[in-house]
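Next up: just one chain, as structure tokens, the form predicted alone.
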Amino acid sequence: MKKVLTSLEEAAKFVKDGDLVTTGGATFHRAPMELVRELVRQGKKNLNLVDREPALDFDLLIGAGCVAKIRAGMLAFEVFGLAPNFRKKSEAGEIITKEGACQPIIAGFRAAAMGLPSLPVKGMLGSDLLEISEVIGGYKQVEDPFTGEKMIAVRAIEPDVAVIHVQKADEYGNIRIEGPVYEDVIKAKAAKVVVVTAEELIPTSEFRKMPEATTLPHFIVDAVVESQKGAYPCSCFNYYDADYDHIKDYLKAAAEDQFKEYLNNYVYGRKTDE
């Protein structure tokens, strides 16, 4: 893929119907919400989502009817409990939901990032997670060739697209994440395509002044979009906090079967940062 500085509309076209997609950040922090809203506006269908600990980004796509399958370690709204659309559509059998765990999902991303077919982990032994058929990736019990110890081999997870929101980028796709990085670097290296939205574009000369602050180099990134408040209503470290009042309104809309009205107000009708 050619690396370009592009528009939100064009960047969202990197995601195709049926793609395996992961997003950056964690829970309500640095989720790529404006790009997610654009995916909804473009009517993406049958997406296959995977992540360790997503929240509003995944739940919005699920509520808008864009998702066919999901695998996550936890899809919850922090102290507010399970993500509402995720829970509702899972219970109704409208999406395929498979139990996951944080450790093997990270290991799957890490394996793909390293160009390996799998990586061993020591967790999950003795649990029923191994009996559950996985939508994405998979597990297999193996024996360590040196010690004979039982291990779990986790198959590599290679997303078609990783969508990440960051604080700073330049026109060539060099990226700077401030604060917690979470698994964003691993996801970017694991994915076939990397789409980034950034709070602000800064000159390449600023990256040259502090090369050690570059989180992702330009040759990993396929598309960059300047998107101020692109994580809203989630937080973006050093820029703004999560808007928990808005999140409460989201929860209320989902609980009272008013989610279409929420989409009309905050996705189709106008951007949420206006």
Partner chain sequence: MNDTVDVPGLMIYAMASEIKNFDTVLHGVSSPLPVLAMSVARNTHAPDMGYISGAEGVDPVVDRIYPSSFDTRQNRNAVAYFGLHEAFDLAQRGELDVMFLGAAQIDRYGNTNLSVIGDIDRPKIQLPGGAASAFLMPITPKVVIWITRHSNRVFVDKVDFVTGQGYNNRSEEYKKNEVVVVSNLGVMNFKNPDRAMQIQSYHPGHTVDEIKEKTGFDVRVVPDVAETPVPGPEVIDFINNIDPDGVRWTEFR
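Residue numbers count along the first chain shown, from 1. It should be emphasised that the depicted structure is a prediction, and the values quoted were computed from it without experimental measurement.
Heads up, the form predicted together with the partner chain isn't pictured, but that's what we're talking about next.
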item	value
4.5 Å heavy atom contact, residue 249 and the partner chain in the predicted bound form	no
Heavy atom of residue 58 within 4.5 Å of the partner chain in the predicted bound form	no
Close approach of residue 199 to the partner chain in the predicted bound form, 4.5 Å, heavy atom	no
4.5 Å heavy atom contact, residue 48 and the partner chain in the predicted bound form	no
The partner chain in the predicted bound form: contacted by all of 53, 110 and 212, heavy atom 4.5 Å	yes
Neighbours of the partner chain in the predicted bound form among 183 to 222 [non-hydrogen atom within 4.5 angstroms]	183, 186, 189, 190, 191, 204, 207, 208, 211, 212, 214, 217, 218, 219, 220
